[in-house]
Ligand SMILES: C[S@@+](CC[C@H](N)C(=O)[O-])C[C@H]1O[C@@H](n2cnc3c(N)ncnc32)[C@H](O)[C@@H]1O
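Okay, here we've got a single chain as structure tokens, the form predicted alone, with questions on binding and movement later.
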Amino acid sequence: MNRTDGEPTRIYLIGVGPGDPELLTLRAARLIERCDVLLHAGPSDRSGFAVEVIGPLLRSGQRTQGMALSMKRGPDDGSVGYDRVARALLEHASEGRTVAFLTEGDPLLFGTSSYVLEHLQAIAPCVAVEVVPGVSAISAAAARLGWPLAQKAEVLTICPATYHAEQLGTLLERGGSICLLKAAGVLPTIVAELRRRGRLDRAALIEKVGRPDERIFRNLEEALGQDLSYFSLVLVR
């Protein structure tokens, strides 16, 4: 598959970071400005986490396309939409457009782009795909707190807490720094397990890090009962 101008087709999967436009990498910013079409997971063309991050970079005539992905557990049986995104990217690229799919955070660290990449590799293995790394919410949260994630021989554990609620105690027993992603839905369990192990005073919750409505709870008990966003994580040191 080739572009109409003779250049080989290339699709971009771009990480836009945790929410602050100033945390975009130079590579990401340059490619975003160059793209004809920018796909993202949001519910409409101009609404969604990733497209809101890159809003200041959008130029006249540039198209954004919300793919309304269904964020749910389990395989992509067509109702999630990763295959639909992959095919839309291929269609735009085959018609000569420079096209990218945007992902909040880093594309390959619990990012939607990781699934899109797998579908692209399966249905169009000859098409070049460039993954552009992004600043992860984990790194951004550690920077906001001023907490080293790991030093020298220390082990860092990263866990999507919602999927492993019954294993949180075991993970905390391992020691070292722990990042618990998707923490809002299981926060009572996290607080109970931390309290049981005397680590409650060494934990903090960060919601929507890098965004204007960011919130930080250095006392996790104060976060209990709060209406917390899906984009909430807990760091334990």
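Since the structure is predicted, the reported quantities are computational estimates derived from the model, not experimental observations. All residue numbers refer to positions in the sequence shown, first residue = 1.
In what follows, reference is made to the form predicted in complex with this ligand, a form of this protein that is not presented.
Exactly one of the stretches 148 to 156, 84 to 92, 124 to 132, 100 to 108 approaches this ligand in the predicted bound form with heavy atoms within 4.5 Å, and it is 100 to 108. For I206, a non-hydrogen atom is located within 4.5 Å of this ligand in the predicted bound form, even though that partner is not displayed. Residue contact check for L233: one or more of its heavy atoms lie within 4.5 Å of this ligand in the predicted bound form. Mapping the unseen interface onto this chain, L194 falls outside it, with no heavy atom inside 4.5 Å of this ligand in the predicted bound form. Contact between L120 and this ligand in the predicted bound form is not found at the 4.5 Å heavy atom cutoff. Of the residues given (V51, L181, L187, A28), L181 alone sits with a heavy atom within 4.5 Å of this ligand in the predicted bound form.
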